[in-house]
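Let's start with one chain on its own, the form predicted alone, as structure tokens.
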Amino acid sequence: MSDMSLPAPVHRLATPFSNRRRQTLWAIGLSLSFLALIVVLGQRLDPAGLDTNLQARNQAPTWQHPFGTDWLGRDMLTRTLRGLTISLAVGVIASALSACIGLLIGLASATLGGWVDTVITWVIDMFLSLPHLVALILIAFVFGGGLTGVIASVALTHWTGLARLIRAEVLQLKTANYVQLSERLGRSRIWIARHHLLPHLIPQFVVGLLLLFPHAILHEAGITFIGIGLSPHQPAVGIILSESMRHLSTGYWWLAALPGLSLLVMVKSFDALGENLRALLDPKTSQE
């Protein structure tokens, strides 16, 4: 009998997508690159595209005008990128304020307890029971509309979910041995919150902040669309969509379709960034 040689073991080549961690990092990188591209193009495009040019009005998408032109001859690609940049800036400011409110309120609720926790829980339930769009409109109206009204309305209506998450996390952390030991040693609640609780809440805060961006951007566009948000002289996406409604019946589909699609892609990029970052920071999935 001749010797039968065993086949050599097959080694699977490692690829950039060989595990979930690398897939997550790639997704985060692509999302960040796309968002950075929007900001760079929005700042670098020739502002002459925003000028009125009646000889080039109502042109369908071409190589010269990839998003077409509007009824005043303005380049829709330039207007859309400027509008996305404005929406991005408003979303960042409003989301940061809202996330800070949620962090402070959730931390105070679980740390102080007693009647403070009862009042904060009641306020959170009250905000959650209100129709979201109605609350946005009322708060924007109280602050006089405009940029201040948009930021205030978004910031004051999006903190509830993060506050409940932070409160639940803090209540769980308070049962840890090192926290209970600090209480027995006479440490104040503020000291414990600063040194023991707050460092553990940073991942939840960052992920919650990123997941607030899509809601903030969409709601900014929504209240601007109905005329309460930004000034009509600014090329915000909500204003672009509102103005295009009067021209859709004439067949100028690109005035609403392409800016709306661009807004959707940017929102989904933020959503993908937040979800993948949460998977990366989650101990159960970060090592897969």
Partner chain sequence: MKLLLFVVKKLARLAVLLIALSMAAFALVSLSPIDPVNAYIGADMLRVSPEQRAQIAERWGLNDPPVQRYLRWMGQALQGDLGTSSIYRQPVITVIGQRFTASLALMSAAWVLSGVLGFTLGVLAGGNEGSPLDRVVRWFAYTLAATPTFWLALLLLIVFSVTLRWTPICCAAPPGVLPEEATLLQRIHHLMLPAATLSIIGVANIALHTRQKLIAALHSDYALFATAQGEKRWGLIWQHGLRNIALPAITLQFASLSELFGGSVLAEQVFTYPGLGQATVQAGLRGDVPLLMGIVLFSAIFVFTGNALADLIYHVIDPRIRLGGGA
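In this text the structure is predicted, and so the values were computed from the model without any measurement. Numbering follows the first chain given and starts at 1.
Omitted from view is the form predicted in complex with the partner chain, to which the following refers.
S.K.: Hey, in the predicted complex, does residue 190 get a heavy atom within 4.5 angstroms of the partner chain?
M.R.: Because no heavy atom of residue 190 falls inside 4.5 Å of the partner chain in the predicted complex, the answer is no.
S.K.: Considering only heavy atoms, tell me if residue 45 and the partner chain come within 4.5 Å of each other in the predicted complex.
M.R.: Residue-level check for residue 45: no, no contact with the partner chain.
S.K.: If we define contact as a non-hydrogen atom of the residue within 4.5 angstroms of the partner, is residue 236 a contact of the partner chain in the predicted complex?
M.R.: No.
S.K.: Report yes if any heavy atom of residue 71 sits within 4.5 Å of a heavy atom of the partner chain in the predicted complex; otherwise report no.
M.R.: No, residue 71 stays farther than 4.5 Å from the partner chain in the predicted complex.
S.K.: Based on heavy atom distances of at most 4.5 Å to the partner chain in the predicted complex, which listed stretch, 109 to 117, 140 to 148, 85 to 93, 202 to 210, is the contact stretch?
M.R.: Residues of 140 to 148 come within 4.5 Å of the partner.
S.K.: Report yes if all three of 103, 155 and 195 come within 4.5 Å of the partner chain in the predicted complex by some heavy atom, otherwise no.
M.R.: Not one of the three qualifies.
S.K.: Just to be sure I understand the contacts: of 27, 41, 226, 35, which is the one whose heavy atoms reach within 4.5 angstroms of the partner chain in the predicted complex?
M.R.: Contact residue from the list: 226.
S.K.: Considering 133, 165, 179, 171, which brings a non-hydrogen atom within 4.5 Å of the partner chain in the predicted complex?
M.R.: Spelling it out, the residue with a heavy atom inside the cut-off is 133.
S.K.: Residue by residue through 264 to 280, tell me which have a non-hydrogen atom within 4.5 angstroms of the partner chain in the predicted complex.
M.R.: In sequence order, 264, 267, 268 come within 4.5 Å of the partner.
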